Ligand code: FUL
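Next up: a single chain in structure tokens, the form predicted alone.
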Amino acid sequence: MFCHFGPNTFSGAEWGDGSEPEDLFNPRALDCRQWVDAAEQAGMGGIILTAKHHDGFCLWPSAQSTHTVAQSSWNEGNGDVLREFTDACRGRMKAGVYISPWDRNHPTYGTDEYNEVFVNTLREVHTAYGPMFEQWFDGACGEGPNGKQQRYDWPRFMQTMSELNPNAIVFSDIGPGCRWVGNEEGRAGETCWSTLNTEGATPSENKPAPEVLTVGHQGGSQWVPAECDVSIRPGWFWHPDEHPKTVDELMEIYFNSVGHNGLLLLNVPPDTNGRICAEDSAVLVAFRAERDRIFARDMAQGAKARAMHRPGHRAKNVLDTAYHTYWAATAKEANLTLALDSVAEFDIIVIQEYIPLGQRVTSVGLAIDEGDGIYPQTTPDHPLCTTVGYKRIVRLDAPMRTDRLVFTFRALAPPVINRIALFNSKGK
């Protein structure tokens, strides 16, 4: 879950200009534990808080700025949202942090001195409030209060993060931990590689085009999976006249992000009270319930799987739910037959690769074995899907009824598949 929260929550803006008075920020009933409750009920594993957005306002009493909660009258200047957030997450939820390099308030922005300020800001947050599971870098780079634009020292920023928290996932337009997916719609490409060529690129300048980030690079030199950020509401910050997306809209986003080898980062912004509003919470609960309903019964359970395999990695491993067991094929193109206990109707196929050994699959074909012959349902030009990656969720155009499936995997190296599952989205 993403939580955009700050002066914009109270001003109605999306991008504050940094001149907002500190007293504007006044969440009278802040409850970060309620944020964690909402995230848990939605089935999420972590929360990323916008501790400093482009307006430069810090949600903690930073020694690097005079535009912080300490200068506000909220809690008589003794408030610390970041502390309450990390305390609420501890033991329940992974905590991450968004710190924008763009600062429309800081007087040194646009000078070499500001890079030092920003490094010290990172050091302050990750030393006093860490460990964070993810550091989210926005690549936006506009003018500061003096009309100057900053030249970010990205190598130093990244090196600082490596020193402070080498296990943190660092998000930016090009990673190195995970990458922007190229849009703010929560949509990864039909083909989505976790590999990307990043040589000569920076998060703010010379980055790959959005349409490239959506797809990635087959055989790319760096492992930089796609993270798909999207807001539950039209805006990123809470606005009283906006309403959340429907469950159907969120499911479409889920299938196009998680179902396309991406990670979904769904923004749920706290309101002016400092809480996730009831309307959004209700949609999150219903969103979780719909996912639980659809994926409750795997119709491939009890089936028999058969394929050529490497020693110790038989085809039957695709039918268990243990991630570290998998089928290892013997060639770059390999077939796997799935024989169900009885004829079943399904319209969703889930396939997962064993990612510790890399992303390999370039396409998946599907056929039905009717006993008297094999009947292809796809062609090489129109496969069931292209890339698989950590998870591919394929929605069929129409429900399929059969008891015997033949999958054809084509890959850069002999495929390693750890799960195949079948579901009926219309079932109860």
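Since we're looking at a predicted model, the values are computed, not measured. In this text, residue numbers run from 1 along the sequence as written.
Quick note: we don't show the form predicted in complex with this ligand, though the next part is all about it.
Undergrad: With the distance limit set at 4.5 angstroms and only heavy atoms considered, check whether Phe25, His239 and Asp271 all reach this ligand in the predicted bound form.
TA: No, the candidate spot makes no contact with this ligand.
Undergrad: Please pick, from Asp280, Glu134, Asp138, Asp80, the one residue with any non-hydrogen atom lying within 4.5 angstroms of this ligand in the predicted bound form.
TA: Here the answer is residue option Asp138.
Undergrad: Could you tell me which one of His67, Arg360, Arg392, His54 places a heavy atom within 4.5 Å of this ligand in the predicted bound form?
TA: Of the listed residues, the single hit is His54.
Undergrad: Closest heavy atom of Trp15 to this ligand in the predicted bound form, within 4.5 Å or not?
TA: Looking in the predicted bound form, residue contacts with this ligand include Trp15, since a heavy atom lies within 4.5 Å.
Undergrad: Check Phe2 for me: does it contact this ligand in the predicted bound form (non-hydrogen atoms, 4.5 angstroms)?
TA: Result yes; Phe2 sits at the interface with this ligand in the predicted bound form.
Undergrad: Indicate whether this ligand has at least one heavy atom within 4.5 Å of a heavy atom of Glu227 in the predicted bound form.
TA: Glu227: no contact with this ligand in the predicted bound form.
Undergrad: Counting only non-hydrogen atoms and a 4.5 angstroms cut-off, does Tyr326 reach this ligand in the predicted bound form?
TA: Taking the distances in the predicted bound form, the answer for Tyr326 is no, it never comes within 4.5 Å of this ligand.
Undergrad: Partner absent here, but in the predicted bound form, which of 272-280, 144-152, 229-237, 343-351 has residues with a heavy atom within 4.5 Å of this ligand?
TA: It is the stretch 229-237.
Undergrad: If you apply a 4.5 angstroms heavy atom cut-off, which residues in 166-184 are near this ligand in the predicted bound form?
TA: The one in contact is Glu184.
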